[in-house]
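The chain below stands alone and is given as structure tokens, in the form predicted alone.
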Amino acid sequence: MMPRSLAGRVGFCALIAVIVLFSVFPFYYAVVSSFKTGSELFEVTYWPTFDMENYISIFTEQPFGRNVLNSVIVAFSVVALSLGLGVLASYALARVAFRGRGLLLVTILAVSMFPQVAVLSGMFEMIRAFGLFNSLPGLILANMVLTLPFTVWVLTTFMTELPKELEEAAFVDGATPLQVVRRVFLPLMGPALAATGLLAFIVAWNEFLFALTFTLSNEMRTVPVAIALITGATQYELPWGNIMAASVIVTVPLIVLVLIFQRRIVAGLTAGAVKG
């Protein structure tokens, strides 16, 4: 009879295998489908043929390279601005005592839960008033509404737990508040910055509604909208091969970033879970 501990391990490994298969198989099949053309798309096969026709056609039939560049510019700009403003705001909320601080934090948390459609019309009027319609700065500004609230909230939670003695010692040595943030707190906030920055990058990279509403030309669109608007030669044709190839291309940067920062992401999320 199999020992109970061994049976538990086998069951746990089987459960992990099922979860991994359930999570990875859709992306793997998208990779396999991205190499199929014509009638091959309607045949169920599990091994790729490495036909690059779909990958070539999405770059030659539409400005997909420009769309990828737009997403890169918007996502990295949103991350940089969110982290820069978030660090300064979190320092004020975590270290400076003022009336209404708790209410302000609750308001920030509430704003982060607003659905996009609730702010769409107001954001449209704001972007049009600023003259940023159909431009990348307009998309960056719109995405900041989504990423800045939770960035401030997470970084405030993390900074609250940092020892006050470090800050006081720096003030005794003559440091200014900005120097305290830059030279004392930032080196300690690496895991929190990596985890929060990656979450902001994923939000900006995948954002669809603002990009669809605030852009008109193909040259200003980001990849989620570009993929959604991929069309075939006729209205009855849906080019699944091109769509799958484009989906694989836009997923690869996220996987690479997660693999690069995986240790800092786990540390940051764990710290937030314990200290929050």
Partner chain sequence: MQGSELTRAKVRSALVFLAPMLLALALAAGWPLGRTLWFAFTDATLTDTGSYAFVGFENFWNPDWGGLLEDANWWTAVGNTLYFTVLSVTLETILGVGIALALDVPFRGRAIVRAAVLIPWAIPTIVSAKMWGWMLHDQFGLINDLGMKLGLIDQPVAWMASSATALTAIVAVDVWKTTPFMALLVLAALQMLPRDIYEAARIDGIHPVRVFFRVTLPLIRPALMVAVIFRGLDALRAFDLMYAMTGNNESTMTMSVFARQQLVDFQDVGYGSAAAALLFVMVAVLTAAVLTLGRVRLTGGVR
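These numbers were taken from a predicted model, which means no experiment stands behind them. Positions refer to the first chain, counted from 1. C-alpha atoms forming the largest set that superposes within 1.5 Å between two forms make up the rigid core.
In what follows, reference is made to the form predicted in complex with its partner chain, a form of this protein that is not presented.
Scanning 188, 80, 136, 120 against its partner chain in the predicted complex with a 4.5 Å heavy atom cut-off leaves one residue, 120. Using a 4.5 angstroms threshold between heavy atoms, residue 154 stays clear of its partner chain in the predicted complex. The closest non-hydrogen atom of residue 131 lies beyond 4.5 Å of its partner chain in the predicted complex. Contact check for residue 124: a non-hydrogen atom falls within 4.5 Å of its partner chain in the predicted complex.
In the predicted complex, residue 47 stays away from its partner chain, with no heavy atom inside 4.5 Å.
Of all the residues from 139 to 170, those having a non-hydrogen atom no more than 4.5 Å from its partner chain in the predicted complex are 141, 144, 145, 148, 149, 152, 153, 160, 161, 162, 167. Superposed on the core, the two forms barely differ at residue 25: its CA moves less than 2 Å between the shown form and the other one.
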